[in-house]
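Next up: a single chain in C-alpha cells, the form predicted alone.
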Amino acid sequence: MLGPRVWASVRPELSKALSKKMRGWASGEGRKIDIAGIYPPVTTPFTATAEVDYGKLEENLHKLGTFPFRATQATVEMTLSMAQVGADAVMVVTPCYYRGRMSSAALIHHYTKVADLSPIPVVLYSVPANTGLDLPVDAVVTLSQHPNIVGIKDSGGDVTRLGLIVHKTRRQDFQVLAGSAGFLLAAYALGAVGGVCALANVLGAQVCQLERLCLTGQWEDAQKLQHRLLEPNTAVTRRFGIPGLKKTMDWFGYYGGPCRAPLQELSPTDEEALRLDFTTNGWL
C-alpha cells in the first residue's frame, strides 16, 4: 500500500524494480501491522496512447491524501518488488486461471508460499465477481494462522460469510476488510475493521464519515448515510464499473481520464444514468 508521500520517490524506480528477479529473499517471522480503516483502490490513469500517466496518478494520490484513509513465483516476485519500493503490505488476489483446480489445499499452498517469502505482511483478497472464485472459509481460517498473513479483503458481498470469517478467526491476530462501500455498515456491525472501497475514490470523506459513525455506535445516522451511498456505489462498481468510476472522478475534481481497451467509454445515455444515481442522493 503506497501513500502519496512515498509515491514521488517510488515512481522513478518502479518500472526498474518490477522487472527485477529477486528469488530467495525470505521474510522470517514477518511483522504485524494494523490494517484497520478505509482505503480507496486507486484507479490507474492512462494517456491517450494507453500508457500509464504517472503525473496524473501522483496528483490523484495527493488529493486522496487529504482524507483520513489509513492507507506462486510470479506473485512472489511481484511481492518482493513491491516491498523493495516501499510498500507496507501486499494484497494478493486468488489465482483463478485454472479455477477448476483451485481447491482449498491448492489455495492454502499458494498463499503460504507467498507469505513465507514475503518480507512484508500479506492480505488475502477474494473478489469472485472478477475471478469466479471465492476463497473458501476453511482456507481463510487455516491461512489466518500464518504469522505473515494479517487479514483479508472480501469483496463477495455475502455478509453471512464475512461474519463467519470474523467469528472463526477471532482467536487469531487477523483483520477483515469489506471490499465495497455497499455493505460497509453491515461489515462493521459483524466485526470488520475497515474497507477497501471503490467509492472512496470520489466520496472519500463520506465513506470515512460512515466509518466514524459505525465506530462510535451512531447506528441510526450510519444507516441513513449507508442508504445514500448504495446507488452511487453500485453505479461505480457493478452497473457501470471502471468507466463509471473514472467518469465520476472527473466530476469530483480528480483525474479519471480515458479507459484502456477493452473497456469502453460510457455512452451519453449511461453517463446521464450515472449522474442521476449521484444527484438523486444529494452528491452532485
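Note that the structure is predicted; figures quoted are calculated from it, not measured. Residue numbers here begin at 1 and follow the sequence given.
Unshown form predicted together with another copy of the chain; subsequent notes refer to it.
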4.5 Å heavy atom contact with another copy of the chain in the model of the complex for all of Ala87, Ala139 and His146: no
Listed range touching another copy of the chain, judged in the model of the complex by heavy atoms within 4.5 Å, from 179 to 187, 79 to 87, 197 to 205, 115 to 123: 179 to 187
Exercise: Met102 in contact with another copy of the chain in the model of the complex, heavy atom 4.5 Å: yes
Trp219: touches another copy of the chain in the model of the complex, heavy atom cutoff 4.5 angstroms: yes
Glu58 within 4.5 Å of another copy of the chain in the model of the complex, heavy atoms: no
Proximity of Asp53 to another copy of the chain in the model of the complex, heavy atoms at 4.5 Å: no
Contacts with another copy of the chain in the model of the complex - residues in 162 to 187 whose heavy atoms fall within 4.5 Å: Gly163, Leu164, Val166, His167, Lys168, Gly182, Phe183, Leu185, Ala186
